[in-house]
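Read the single chain below, which is given as structure tokens and is the form predicted alone.
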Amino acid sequence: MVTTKPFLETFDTVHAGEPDWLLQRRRSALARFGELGLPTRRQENWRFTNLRPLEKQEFAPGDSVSVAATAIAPYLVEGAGHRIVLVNGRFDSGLSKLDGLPAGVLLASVKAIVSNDVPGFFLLGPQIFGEGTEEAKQPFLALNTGAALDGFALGIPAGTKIERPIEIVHIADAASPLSVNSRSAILAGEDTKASIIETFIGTGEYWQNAVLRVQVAARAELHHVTIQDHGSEAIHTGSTTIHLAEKSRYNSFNLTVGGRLARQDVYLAMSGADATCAVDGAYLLRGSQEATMATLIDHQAPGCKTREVFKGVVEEQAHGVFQGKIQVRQAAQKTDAHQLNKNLLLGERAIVDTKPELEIFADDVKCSHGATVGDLDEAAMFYLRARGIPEKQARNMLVEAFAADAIDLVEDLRLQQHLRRHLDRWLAGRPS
């Protein structure tokens, strides 16, 4: 059972030295989580997500540990530039690579910024722990505000183009059940361009609760790939909030392959005219895995464009959920928004719940949405088998083609190839 008790017992120790206003925010947020408790399936936005694993186990705050470089090596991107590694939610300087950053770029741990060890708190501090009303409605965000010890902060000054991807690796190492709360922020200034790849991995029984806030300024371009490849006993809850200014561009891809229970919530506000976003991804599930992808794309300004494509492969007794909503406000005329969710259901006990939604209050728009759930194409299987291809290989080829169709939407070829390697590893473990 998740309670505030273990976080309050260690509060004075782990948050010693933080500013008074932040300590006050933390205490208020923990109190709010105590009032809200865990979401239940009686709530519409959570009715498909089974949080029973969180209800059964208490997860103590994670301790600081060290891991070997070999633990993260298989997950690193070839040709990447700079890197931050968080071990059990804490910055690891030995595994990180921060030398040679472009002039003016801030890439640092949140704890270092809050402690004033790294200049830039006044730039990113409000972005990380700024006032907001989200905690009043979102219990996991409230808990994160109260309990997060560290995270990453990236600030890109106006006009800066970062050529190589920046890596963020979250790794958990749990000898006993523990919780990892990380709080992070990205601030992309005007006319900037960058690619970010976040990877979540780990071993043991743990709960990763990650919060990320993103601001993309006018005419900036940000590519953001997230890979959730936790261990088989892990629980993942993630919340990402993105705000887009005029003529900005945000492309994201979320790949979910790990964990026994995972949920990622994305709220994207298109507050500037003529902004563009692509919110894509894939979830590849087997065994008794549960995974939910929940998105809300809020068109607030005119002339904005959205593409949202998610593909799911669900095998054995796994359960995949897609909840996607595109909202078009009255002021958001000339909106162009398209949403699609396609699923392969490859097991008699496998389950997919899909709920695409459009909510439109403007009258000059071009919007569409759709969802499909089905098995592999029998004609394609027959074609491959007739040419002497064994059944397992033929099935893998069709599953690979289905999932790769989503991965091909990623524009950065280095990140696209990296995602394909994760897909290959998942395919190698498919049942016969």
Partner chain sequence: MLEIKNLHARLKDGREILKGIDLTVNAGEVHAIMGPNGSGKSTLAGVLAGRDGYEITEGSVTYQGKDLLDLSADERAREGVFLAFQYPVEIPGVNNMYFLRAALNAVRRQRGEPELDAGQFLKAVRAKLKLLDIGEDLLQRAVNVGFSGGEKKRNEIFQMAMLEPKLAILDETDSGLDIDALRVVAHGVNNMRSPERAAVMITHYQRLLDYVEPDVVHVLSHGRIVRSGDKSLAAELECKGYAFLDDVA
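Since the model is a prediction, treat every value here as computed from it, not as a measurement. Residue numbers count along the first chain shown, from 1.
Separately, the form predicted together with the partner chain exists; it is not shown, and the next lines address it.
With the partner omitted here, the residue from 31, 60, 38, 398 that has a non-hydrogen atom within 4.5 angstroms of the partner chain in the predicted complex is 398. Proximity to the partner chain in the predicted complex, defined as a heavy atom within 4.5 Å, holds among 51, 67, 407, 384 only for 384. The candidate site formed by 10, 17 and 22 is entirely out of contact with the partner chain in the predicted complex, as no residue has a non-hydrogen atom within 4.5 angstroms of it. Heavy atoms of residue 43 never reach within 4.5 Å of the partner chain in the predicted complex, leaving it off the interface. Residues of 388 to 411 lying near the partner chain in the predicted complex, listed in sequence order, are 388, 389, 390, 391, 393, 397, 398, 400, 401, the criterion being any heavy atom within 4.5 Å.
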